[in-house]
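What follows are structure tokens for two forms of the same protein chain, given separately as structure 1 and structure 2.
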Structure 1
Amino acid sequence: MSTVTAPRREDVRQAQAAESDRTKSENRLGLRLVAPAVVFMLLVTAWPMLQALYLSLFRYRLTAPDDREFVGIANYTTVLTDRLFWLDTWNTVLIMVVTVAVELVIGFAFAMVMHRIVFARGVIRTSILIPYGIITVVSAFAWQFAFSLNNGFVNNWLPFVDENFNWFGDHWPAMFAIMVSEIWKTTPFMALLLLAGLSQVSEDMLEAAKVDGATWWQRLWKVILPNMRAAIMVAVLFRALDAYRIFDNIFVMTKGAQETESASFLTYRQVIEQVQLGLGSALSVLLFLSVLLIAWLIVKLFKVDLAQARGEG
């Protein structure tokens, strides 16, 4: 692929050298036209980020503004040496890995169904997408009620579960319930992204493989999956980043009890509930950095080409 793009970059450079007055002024106009948007973006995204970075260097409690004190990187050392922070980070990574893996498998199956379905196509596609159209908080409440000991039905439906089993009474069952609600809610999104990749796989190639005597399994592994690698990686990237910021389900279902807290939830509690602006800002900076790190890792490790996935390559 690089052999395709490299000469093109040179073309661009040559073209730049030979820029006419007209293109120059067009470029200037272009810059002026995007300038308001850039300034606006800086105001609404860069400014709060810098503000958080600045606040994270203080010991600052909103209800005790007089005690505000510059502490340098002390908040970061507190956070990074804290058991709770690592516990919550581990929870978050676990939720991310498990839910994305499960969603990938179920999502792929859904995508196949949506792709191949012949009759009642619209109805089936729509019904698969319904959970994604439901607000996360609402779906979290629905699942919380379902698993609840007082008014839930899960215990009655599952034959191997005791009727008095309290799903939110222990760490692992509670994590399970949270992950189930997350998977239920976002698998359709995964399926949708995979469907886009699936429809890019050429029918000719599949037919050729069929003629050559490839089994269904071989066609899946040798033809379909390699050809939708970019789509899979984009789906994994998007979902992983979303899953890493999980908040709503936990807030609704356990409020972080039974050590089910996630990194975002910890940040929320420090900033909003405990009004610890300094410590909370340090946490949000770290959260931001970890999201960046995950994005970078996925892009690097799986060599995702975002431009290609968007059909620009």
Structure 2
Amino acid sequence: MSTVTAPRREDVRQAQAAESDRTKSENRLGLRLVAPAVVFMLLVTAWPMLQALYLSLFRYRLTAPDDREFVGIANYTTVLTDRLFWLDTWNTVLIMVVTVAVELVIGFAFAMVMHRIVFARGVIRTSILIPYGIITVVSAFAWQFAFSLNNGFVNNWLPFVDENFNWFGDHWPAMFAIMVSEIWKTTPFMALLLLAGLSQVSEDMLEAAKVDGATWWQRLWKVILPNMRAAIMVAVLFRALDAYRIFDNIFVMTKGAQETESASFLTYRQVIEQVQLGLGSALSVLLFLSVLLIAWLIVKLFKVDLAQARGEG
């Protein structure tokens, strides 16, 4: 009869020490491998940001470089007290909130279809993802044509809209057209991110809930969505930051007319069209800070422990 003896305490300590040394060695190797990429990224991204921060402290027009004058925070005061800045910021936030909310609902429905479909799965998934493969400028031109007063087909397709209605003749219809273009183009990206989260929901949990008598609606709210919270946060975060930088659709469809400018479009006009590098740089810095604020708010709102979601907690 054999006997089972507990491992000696000294052997356990040696094993833990060896494992600890191996972990430290792997961590050091990981840091060495990513260090060149991190340094390169810092050089590429940090230098333009520092240059913009420096230029924002000057009254500097590119057509008169010799007249450059240090003005401190005067450019920021000018921007923050200007009605146009707040109007464009409101447009940007409105587009971000509406498009991300609609894309979240439609994207989740698409993700459910792509996850559950049992026939022609490749064809259906490809069909759903096609809009995301189209260049944004091309998509914007297509939707501008669709909403066009002279050649568009939207007025003919919608029975409650007059056939002579000009979608780009007023603020709200123009904003609606811009949002439709944005939603059509980027909903597949949201669906793709949600599909990744949906595939991680345990089928065993769903079967157990079904055996317990939970309805489809209860399984959705009590099992599926809570287990997808990390994926939903990532999808919302990526799309919110992307939507906040909206530029292409507005540039192509309205060129900022009817008060449809976004914060990025205002920055473009100041820097590229009016060559006001000082004011444009101040706008760029404020845009960067607002993006950081939005990212922080979304992470705080979802309260997701990413380490735990990765199984490291």
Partner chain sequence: MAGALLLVSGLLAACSGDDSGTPTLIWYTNPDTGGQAAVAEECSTDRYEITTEVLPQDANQQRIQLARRLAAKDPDIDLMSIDPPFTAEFADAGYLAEIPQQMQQTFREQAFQSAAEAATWDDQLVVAPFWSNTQVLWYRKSFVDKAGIDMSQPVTWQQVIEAAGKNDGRIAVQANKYEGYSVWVNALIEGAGGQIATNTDAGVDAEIQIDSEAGREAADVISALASSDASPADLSVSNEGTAAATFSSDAGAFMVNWTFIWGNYGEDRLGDDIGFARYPRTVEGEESTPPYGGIGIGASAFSDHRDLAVEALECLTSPENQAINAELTGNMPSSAAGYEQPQVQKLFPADLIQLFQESLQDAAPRTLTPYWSDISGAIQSTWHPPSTVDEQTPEESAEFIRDVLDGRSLL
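Owing to the predicted nature of the structure, the values given are computational and were not obtained by experimental measurement. By convention here, residues take numbers in order along the sequence of structure 1, the first being 1. Here, rigid core means the biggest group of C-alpha atoms that superpose within 1.5 Å across both forms.
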Which of these two, 1 or 2, is the form predicted on its own?
-> 2
So, does E26 move by 2 Å or more at the CA between structure 1 and structure 2, with the core held fixed?
-> yes
